[in-house]
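A single chain, nothing else alongside it, follows as structure tokens in the form predicted alone.
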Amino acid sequence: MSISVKRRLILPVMLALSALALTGCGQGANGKRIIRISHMQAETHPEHIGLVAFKDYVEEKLGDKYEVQIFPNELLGGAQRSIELTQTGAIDFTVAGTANLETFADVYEIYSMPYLFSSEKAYHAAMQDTDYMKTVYASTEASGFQVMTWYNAGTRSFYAKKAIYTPDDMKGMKLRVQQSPASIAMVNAMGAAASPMSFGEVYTAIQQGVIDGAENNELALTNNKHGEVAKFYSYDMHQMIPDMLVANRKFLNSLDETERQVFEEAAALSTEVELVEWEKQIEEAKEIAINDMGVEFIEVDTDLFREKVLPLHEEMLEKNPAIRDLYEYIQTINAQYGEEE
């Protein structure tokens, strides 16, 4: 979807939602309660496919009461705006990155910590421990919303106009990062200059030489076409950061016990579907990037990158005591699973 088309679509939707925020929750023409879900990705993205499973499950079980509508492509605004709309109840659910949730609960800062998880298996095991994660998810209740489940947003690595084999290759480079203090500190510690900016600006910034590259998962190369302007992808695997499905707290509290169980089951199902679709699409993205875009994937010695940023762990723990319990818990998971072969 082009930016101009997206802008034409956003305005009437936002006006309608502004009115909705003032008048209360919407009812469909058939009398059903409308459930609105916002997210930032395209309809082909694993998160959207997971949310379709969410919609289908809710409507299968409670279709006489609820109709679920999904708004992709930032149609209801960016992540921060969608969180605000979820807080007020103008929409019921949104998908947001943990960097966006740091503003509301300090514990979410931990996911920006470089090399927090020893392996993808450890990452998945920690996130799938629903009993433990419920305590983390409840941390934003005072802000009017809570997390329902997580989605795999992959492993983040560096990609750029020139090859990166070691941190020494990053000296003098400008690399886009998320607007997270930990991510900024990480890139600076590796010797590059961190350039926080909106994800939507990355393609043009690399193309015009404003930055030399960025860091993200492989889907950024294909879905966002960054492989057209950055031909080297280095598997340093510095972060594994989930996305979160966020729900309006008042809406959840309005559900009876049976309805609440259905929505929780739908959330869990959406994660199962998203995880499978993610693995499938990552492999497809790599093939497209190599064969159609000419991207070179580089295996690097991750220890060289890890050594540069490990001091950040203790610095973050000292500055933010709220992350210590979760950090220590993750270390027990890391010990069980070890590092990737």
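Residue numbers run from 1 along the displayed sequence. The shown structure was predicted, so the numbers you read here are calculated from the model rather than taken from an experiment.
Omitted from view is the form predicted together with alpha-D-glucopyranuronic acid (GCU), to which the following refers.
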item	value
Contact stretch among 152-160, 265-273, 182-190, 136-144 - heavy atom within 4.5 Å of alpha-D-glucopyranuronic acid (GCU) in the model of the complex	152-160
Partner-contacting position among D243, D212, E218, D92 - heavy atom within 4.5 Å of alpha-D-glucopyranuronic acid (GCU) in the model of the complex	D243
Residue among F199, F251, F232, F71 with a heavy atom within 4.5 Å of alpha-D-glucopyranuronic acid (GCU) in the model of the complex	F199
Whether Q41, G97 and Q178 all lie within 4.5 angstroms of alpha-D-glucopyranuronic acid (GCU) in the model of the complex by heavy atom	yes
